[in-house]
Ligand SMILES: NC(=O)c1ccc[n+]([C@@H]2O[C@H](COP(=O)([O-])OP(=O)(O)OC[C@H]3O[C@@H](n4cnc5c(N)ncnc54)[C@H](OP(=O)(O)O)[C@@H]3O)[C@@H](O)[C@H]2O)c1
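Presented below, as structure tokens, is a lone chain in the form predicted alone.
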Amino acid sequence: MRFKGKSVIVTGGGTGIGKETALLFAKEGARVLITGRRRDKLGEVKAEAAGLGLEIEFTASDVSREEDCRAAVNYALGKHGKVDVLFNNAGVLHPGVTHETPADVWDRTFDINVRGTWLMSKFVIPHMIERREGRIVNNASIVGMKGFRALAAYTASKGAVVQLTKSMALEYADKGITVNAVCPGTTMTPLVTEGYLKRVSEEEGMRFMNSLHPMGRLAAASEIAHAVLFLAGERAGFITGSMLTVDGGWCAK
């Protein structure tokens, strides 16, 4: 029960890494609020948690919309009286090389991946400053560290999250707030199974993605969730501005 009594917000909490992280926080005693655009998926996570004897609240929210972010933070404050941890996880991925990426795809990718991270942080940070305590973890991806071909918008957006994480860490280091990022390798989530693998043959796609990781496999969403909880926990109290790669050795290549 490492997070007993803690209030946690997880964006993009309806599927994948967000869902697994929310469930793990709840198992560790946290009061969890998940947000996302699909109310049905959020409701499924709430029901799954209830089946495990856990409680997870949800509110439908688009992180690219300023008022949605403000409302989500206010909802958490109204329910729990504080926000101890923010996991900026919501993200979208649209494959495409630079010159073939439509402007609306580029803009939407940055709106969710970067603007959403900034907006949720913008509304949470004043409350953390007031209490002189807080943990923010951003989902930055390994491709924000290394770059990757044919993912121009996604790679650029995750690189921006890396730099935003560092800037925020410096801005709030003396105010009791740590800001770090988890940088997953390819992870078995709907972003991969319903996105990339539908564009290529599943066998070919899995063989290629496995080859990127020296361990020869993809990450499970739960493995990324455990890394997020580490960065959000008391034992990571002197860690800020760090990019924790959880990538099966990919970044070391």
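Please read these numbers as outputs of a predicted model, since none were measured by experiment. In case it trips you up, residue 1 is the first one in the sequence shown, and so on.
We do not show the form predicted in complex with the named molecule, though everything after this point is about it.
- Proximity to the named molecule in the predicted bound form, defined as a heavy atom within 4.5 Å, holds among R108, K146, H94, R115 only for R108.
- Scanning S121, T178, N139, T155 against the named molecule in the predicted bound form with a 4.5 Å heavy atom cut-off leaves one residue, N139.
- In short, of 169 to 177, 83 to 91, 99 to 107, 127 to 135 it is 83 to 91 that has heavy atoms within 4.5 Å of the named molecule in the predicted bound form.
- Using a 4.5 angstroms limit between non-hydrogen atoms, I17 touches the named molecule in the predicted bound form.
- In the predicted bound form, at least one heavy atom of D62 sits within 4.5 Å of a heavy atom of the named molecule.
- Put simply, R37 is close to the named molecule in the predicted bound form: some heavy atom of it is within 4.5 Å.
- Under a 4.5 angstroms non-hydrogen atom cutoff, the named molecule in the predicted bound form lacks G53 among its neighbouring residues.
- Residues P184, G185, T186, T187, T189, P190, L191 are the members of 171 to 191 with a non-hydrogen atom no more than 4.5 angstroms from the named molecule in the predicted bound form.
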